[in-house]
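Next up: just one chain, as structure tokens, the form predicted alone.
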């Protein structure tokens, strides 16, 4: 495990820009509680996203649409309490920035008050007024284009975006618009690698890719996917670095067996009763056994 985090200063947006200018790739992971936050920060990642993917990963939903601000605040609080050195970012959930600019500022501001340093929201040109308002309120914003999970109904499912010429041009134009509106970075999800490369080369701000090929300024994956904790079919772009589900299941099987055969807990894992307390118990038992 890397110990870079022990001496690493707090990651800031200017630092992210400087790293990209130096040619360093940015690393972003998700976290939904104190454990995943500490794991990501100990590994020295640059950005931790408390994603609305918590709905799929932790809460049992089929998609992110049921996730509310109350849910997001609950998980952001847990991550923020660990005080990660990585840049902490909150993911604005469905309908938290769609109804009014006032709602968007209030909800994003709530993230900042709880310890986030930035927020992320989905969408292109139609989100520009919200992005400008948040930036004017001194709230850093990461944009999100391509396959935007909150729009999967409108997209007809979780499909790669930008394969048609008109759609590819739209994504590039939207990325430039988000940059002009003040976004400090743009996340590109589920788009062809060459389109992501063109967007990255066209922007002055960093891009973060997920299912967008190797040419972005950085990459993000869901931590549970990296650790192999998710079950079932995963997207093509997911790489599991360990069979976490299998390892943890095996550990719990061993624990169960040890309990059932009496091997756990051992004497070393048990507490002893001080002599004075033992004598007091013996005295109590003797007094109860004496005839009236």
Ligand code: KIV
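Numbering follows the first chain given and starts at 1. The structure presented is a predicted model; accordingly, all values stated were derived computationally and were not measured.
Beyond what is shown, the protein has a form predicted together with 3-methyl-2-oxobutanoic acid; the following relates to that form.
(message) Within 4.5 angstroms, counting heavy atoms, which one of the listed stretches 75 to 83, 217 to 225, 174 to 182, 191 to 199 is next to 3-methyl-2-oxobutanoic acid in the model of the complex?
(response) Of the options, only 217 to 225 has residues within 4.5 Å of the partner.
(message) Taking 3-methyl-2-oxobutanoic acid as it sits in the model of the complex, is residue 127 in contact with it (heavy atom to heavy atom, 4.5 Å or less)?
(response) No, residue 127 stays farther than 4.5 Å from 3-methyl-2-oxobutanoic acid in the model of the complex.
(request) Would you please decide whether residue 104 lies within 4.5 angstroms of 3-methyl-2-oxobutanoic acid in the model of the complex, comparing each non-hydrogen atom pair? (result) So residue 104 does not count as contacting 3-methyl-2-oxobutanoic acid.
(request) Using a 4.5 Å heavy atom cut-off, state whether residue 116 contacts 3-methyl-2-oxobutanoic acid in the model of the complex. (result) Heavy-atom contact with 3-methyl-2-oxobutanoic acid at 4.5 Å: absent for residue 116.
(request) Please run the contact check for residue 131 against 3-methyl-2-oxobutanoic acid in the model of the complex: heavy atoms, 4.5 angstroms, yes or no? (result) Flag for residue 131 set to no.
(request) Note that 3-methyl-2-oxobutanoic acid is not shown here; using its position in the model of the complex, name the residues of 137 to 167 with a heavy atom within 4.5 Å of it, in sequence order. (result) Residue within 4.5 Å: 144 only.
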